[in-house]
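Below you will find one chain, with nothing else, as structure tokens; this is the form predicted alone, and questions on how it binds or moves follow later.
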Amino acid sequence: MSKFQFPESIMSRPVYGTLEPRLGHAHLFVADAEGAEAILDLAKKDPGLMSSAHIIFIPRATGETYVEQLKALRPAQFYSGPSYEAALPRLRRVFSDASMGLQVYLSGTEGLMGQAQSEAMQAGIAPAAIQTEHRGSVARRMQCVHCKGITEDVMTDPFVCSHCGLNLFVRDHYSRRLAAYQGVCIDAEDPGNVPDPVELYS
């Protein structure tokens, strides 16, 4: 299975649940990689929901593994794209055309869910209409608090900022506005004194 039980943490850290069918006139699914499994599991609970579903899927490293399975659900609309950035115009169009009753289901990596949830909130989608379920990679989307640059798919602590090159400590503090965790220079007071990186959650 692709589920992971995150350890307890500070209040700002997101908490994820399990996608459940909800009443609504339209259903938007946004997922990446193993997040497809959450959609497939939900469809087993309520196959009829797919007739009014729009699936936006970013396969990432899973390639074609889930694409045909998702198409077989026969959603009203289906899109598979190379990246979140490529899918963003479609996502924004869906939100701009949305009316009351849209249900939003986000699944997959934290980076994908955080960014899509931020877009939904900015578009005025009620938090109660948004569900999230983590599946797959535990890599984090990190913002350097010093240069403000974003580094995607961080898997070790500490890590090197991809923008300014500082050695950053991976913190659990999370910004919903930026859809990113915060990284702080780990050797600011003692330059060069950097512990060996360890894999997150190991």
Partner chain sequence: MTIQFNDETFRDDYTFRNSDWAVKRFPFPFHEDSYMYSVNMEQHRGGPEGSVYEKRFDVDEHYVSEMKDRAIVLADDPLRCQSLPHMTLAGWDLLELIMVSKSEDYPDLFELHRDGNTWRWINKPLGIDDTFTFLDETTLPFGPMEYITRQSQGDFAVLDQRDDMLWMDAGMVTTQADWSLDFDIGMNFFEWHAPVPKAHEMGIFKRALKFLLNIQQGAPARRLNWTMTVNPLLDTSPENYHKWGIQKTGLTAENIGQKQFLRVELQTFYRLPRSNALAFPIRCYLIAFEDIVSVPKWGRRLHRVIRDLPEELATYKGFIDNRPKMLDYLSQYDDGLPTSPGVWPDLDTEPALSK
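Positions refer to the first chain, counted from 1. This one's a predicted model, so the numbers in the text were calculated from it and none came from an experiment.
Just so it is clear, the following notes concern the form predicted together with its partner chain, a form of the same protein that is not shown.
- Within 4.5 Å of its partner chain in the predicted complex, a heavy atom is found for none of T18, V67 and R74.
- The stretch from 36-44, 22-30, 54-62, 144-152 that comes within 4.5 Å of its partner chain in the predicted complex, counting heavy atoms only, is 144-152.
- In the predicted complex, its partner chain sits within 4.5 Å of a heavy atom of R176.
- Taking non-hydrogen atoms only, L166 approaches its partner chain to within 4.5 angstroms in the predicted complex.
- Shown alone here, V184 lies within 4.5 Å of its partner chain in the predicted complex, counting heavy atoms only.
- When contacts are judged by a 4.5 Å heavy atom cut-off, V194 does not count as touching its partner chain in the predicted complex.
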